[in-house]
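Given as structure tokens, the chain that follows is alone and in the form predicted on its own.
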């Protein structure tokens, strides 16, 4: 029996969802009997290859985030938005209350202790979006794994359900928003 290919990525966020994923501890070894990781922080593969399940954490703040998300949607049979940032923009979306210009000026010109104040303009820096977006505003999302971050048990449950051919269903006691 072939293994299910899983890819993960972190867009604009804190990487907390990936840390929670790794909190599966020894259960990840059992999971590896059934899955193989394509792109993930475990193997440092840079592009999403065709896979069965894509786990995406983080919001969309720049053009690179959008490119990576579209690559995931194109290559993943099932796409799961993981965590508050992916689902509703989370903390990064707090900047949506201000214009992009105001954010750049605050960070690079007006902040206390800024040496050589100027707004960076380099082709190596991804182009910022005018607003932060959750994943579903750009691509079709198949499932949502809520939380900030979702607990490791929720990752185990959603992946186990999918591996066993069941529609994922997370019990309310497994969901935490603190």
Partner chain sequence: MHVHHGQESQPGFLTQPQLNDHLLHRLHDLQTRFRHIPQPSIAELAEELQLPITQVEAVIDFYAFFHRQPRGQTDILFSNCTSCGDLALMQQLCDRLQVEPEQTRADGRISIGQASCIGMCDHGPSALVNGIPLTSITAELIEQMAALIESDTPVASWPENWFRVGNHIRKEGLLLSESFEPGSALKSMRGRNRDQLLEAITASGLKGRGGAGFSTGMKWQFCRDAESTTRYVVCNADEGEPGTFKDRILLNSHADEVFEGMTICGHIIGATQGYLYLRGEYRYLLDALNTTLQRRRDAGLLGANILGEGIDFDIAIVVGAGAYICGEESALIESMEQKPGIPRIRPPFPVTCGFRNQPTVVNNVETLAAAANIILRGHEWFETRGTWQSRGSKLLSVSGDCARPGIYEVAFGVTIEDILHDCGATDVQAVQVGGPSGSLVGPDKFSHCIAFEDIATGGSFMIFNHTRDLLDIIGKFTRFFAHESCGFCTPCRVGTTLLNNGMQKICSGHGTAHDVDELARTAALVSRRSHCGLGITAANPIRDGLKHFPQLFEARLLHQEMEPEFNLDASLAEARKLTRRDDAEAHL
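Numbering follows the first chain given and starts at 1. A quick note: this is a predicted structure, and the numbers were derived from the prediction, not measured.
Below, we refer to the form predicted together with the partner chain, which is not included among the displayed structures.
Mapping the unseen interface onto this chain, residue 130 counts among the residues with a heavy atom inside 4.5 Å of the partner chain in the predicted bound form. For the chain shown alone, residue 32 is not a contact residue for the partner chain in the predicted bound form, no non-hydrogen atom being within 4.5 angstroms. Among heavy atoms of residue 119, some come within 4.5 Å of the partner chain in the predicted bound form.
Using a 4.5 Å cutoff between non-hydrogen atoms, residue 140 counts as a contact of the partner chain in the predicted bound form.
Contact annotation: of the candidates 78, 93, 87, 104, the single residue with a non-hydrogen atom within 4.5 angstroms of the partner chain in the predicted bound form is 104. If you check the partner chain in the predicted bound form, you find no heavy atom from any of 3, 19 and 28 within 4.5 Å. The stretch in contact with the partner chain in the predicted bound form, judged by heavy atoms within 4.5 Å, is 119-127, chosen from 51-59, 38-46, 147-155, 119-127. Residue 63 is the only member of 34-63 with a non-hydrogen atom no more than 4.5 angstroms from the partner chain in the predicted bound form.
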